[in-house]
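Below are two forms of the same protein chain, given as structure tokens: structure 1, then structure 2.
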Structure 1
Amino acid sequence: MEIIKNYLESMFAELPNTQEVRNAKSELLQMMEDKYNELIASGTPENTAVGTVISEFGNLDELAESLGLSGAVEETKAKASEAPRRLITIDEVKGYLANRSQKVLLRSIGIMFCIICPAPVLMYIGNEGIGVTLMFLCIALGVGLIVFSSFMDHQWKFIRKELCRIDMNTASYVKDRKKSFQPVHALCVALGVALCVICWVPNILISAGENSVPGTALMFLIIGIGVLLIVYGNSVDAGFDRILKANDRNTVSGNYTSDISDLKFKSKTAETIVSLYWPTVTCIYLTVSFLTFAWHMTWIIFVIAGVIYKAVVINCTEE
């Protein structure tokens, strides 16, 4: 039955995603399923049953005509021959995802080193030589990792640059991967944000209210680890989304995953705004906190941001 489903999906992949087309697809699937089940029940071997059902399916041109979709079908055919979308195979997807999780791990560690670089200077006060040397070592290591990681996915550049498409099988594979990563993603972000919010606590504990030097150094370390977790979780997750969004959103195939990302953005800009929202808030939080050193109050930024987020999402998405 899987083969039949996939066959039907591939036939409908490039049709516009309208209610009529969705109805047609589900009705046709129902008929094919009925036929298949009866053939199996009467003792037909599975392969023969699949063959019979597919051979008696007919063709979509006829259907398009009666649904008033001939224009749309011609259009997608013309578009396909003009600028063919490159099919990303499931093996390529596996390779891309494996490569991506290594890449983003290195990049996150690089970012962490850049954030924690002031810590050694604070820890070796009175011995500037070692402190500054270690700081530059951190920066070099951090920048090195970031640059190196950006070259790592050279092989997969086409996924970003070219128009691509995926089939139903690949979509559900990536969807499963995204789902099983979901708890890790949530944990990374929650822990990361929590670390950024409570980073001033050790400072208070160590110095009993005063800003102390080792406390501040520890603060940089905690923020570094927090940001590492946030960036890592979000970037791995974004990798799944990039694959899942490969297909044209206006066609049936562009909606294989509509049940997973229920946010439908009004435009590319709207999508960018929403995706940059939390990183920006975190930046604002850290900047304000470092400038004012009022860590005991600045956490309120996250509360306010949470309220504004709702409004932003409502404005940026279609219902």
Structure 2
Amino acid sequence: MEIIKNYLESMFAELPNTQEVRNAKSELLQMMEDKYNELIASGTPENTAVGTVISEFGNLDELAESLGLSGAVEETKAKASEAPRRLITIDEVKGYLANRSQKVLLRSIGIMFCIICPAPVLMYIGNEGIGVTLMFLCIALGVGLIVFSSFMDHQWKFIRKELCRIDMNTASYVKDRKKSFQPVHALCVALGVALCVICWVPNILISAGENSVPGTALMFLIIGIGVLLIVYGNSVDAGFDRILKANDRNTVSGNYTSDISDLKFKSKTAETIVSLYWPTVTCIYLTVSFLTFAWHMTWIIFVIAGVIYKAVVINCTEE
């Protein structure tokens, strides 16, 4: 019976997500279940029963008129002809997610190297040659990793640039992967933010007298690790969301991921604002902290940002 339900989902996937379509889908499912149970009760093998049900009820074009879906079916055909959506198979999704995990790890490490590059100069005061050499080495490694990572997903660019869709089984697989990654994501972001907030502590605990160099160098290292964790966690999670948002939200297949995020953004601009909110807050925190050196006070920025975030989400999303 599960095969029949999956086949029914594929039949209705691209139809408009209207009450009329949902009612017709429920009606057809009931008809298919009744026929399947009738065949099983008469002693028909399960595989044969499934094949018979699909052959009898599996052509939506033939059933459209009796189900009252002629208009919806024609509209869907016209839309598919004008803007066809490429089906992303589950194997392609697995490859994309594996590739993205590697890509964002390299990019995150590259960003970390760029952030910690001043540390060698601070540690080798009095021997500027070594310090500057190590600084440029960090920059070279960082930029190299970032550039290299940008070429790693060339074969998956169609996911970003083309209209795509996924089936119900693929959506379920990605949702399970996303759910499994949630504890890791939460830990990465929480620990990353915590490291950025406490990065000033080495200046107090390690610095002796007027020698604040070791503490400052360690501060850059802590910030670099914190940013690495934040970027990695958010970027991997964004990969799941990219796949889950492939389907047109106005179609039946848009319901496949309705339990992942109930947020419906008013526009692409609104969605971008929400997605960039916390990275922007982190940049503001670091900028203000470096300019004022008031690390013991600037953590309050995150508290204020948390209050404002709710208002931002309300104004950027539809009820």
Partner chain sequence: MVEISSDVSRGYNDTMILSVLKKEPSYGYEISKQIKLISGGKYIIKETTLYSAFTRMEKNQHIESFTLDTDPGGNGKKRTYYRITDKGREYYREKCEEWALTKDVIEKFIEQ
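For residue numbers, the reference is structure 1: its sequence is counted from 1. If you superpose the two forms and keep the largest set of C-alpha atoms that fall within 1.5 Å, you have the rigid core. These numbers come from a predicted model, not from an experiment.
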Between structures 1 and 2, the form predicted in complex with its partner chain corresponds to structure 1
For this session: Return yes or no for Val274: a CA shift of at least 2 Å between the two structures, with the rigid core superposed?
Result: no
Notebook entry, point to check: Can a Cα shift of no less than 2 Å be assigned to Ala24 between the two structures, given superposition on the rigid core?
Noted result: yes
So with the core overlaid, does the Cα of Ile54 end up 2 Å or more away between the two structures?
yes
Between-form comparison on the rigid core puts the Cα shift of Asp34 between the two structures, in Å, at 6.2
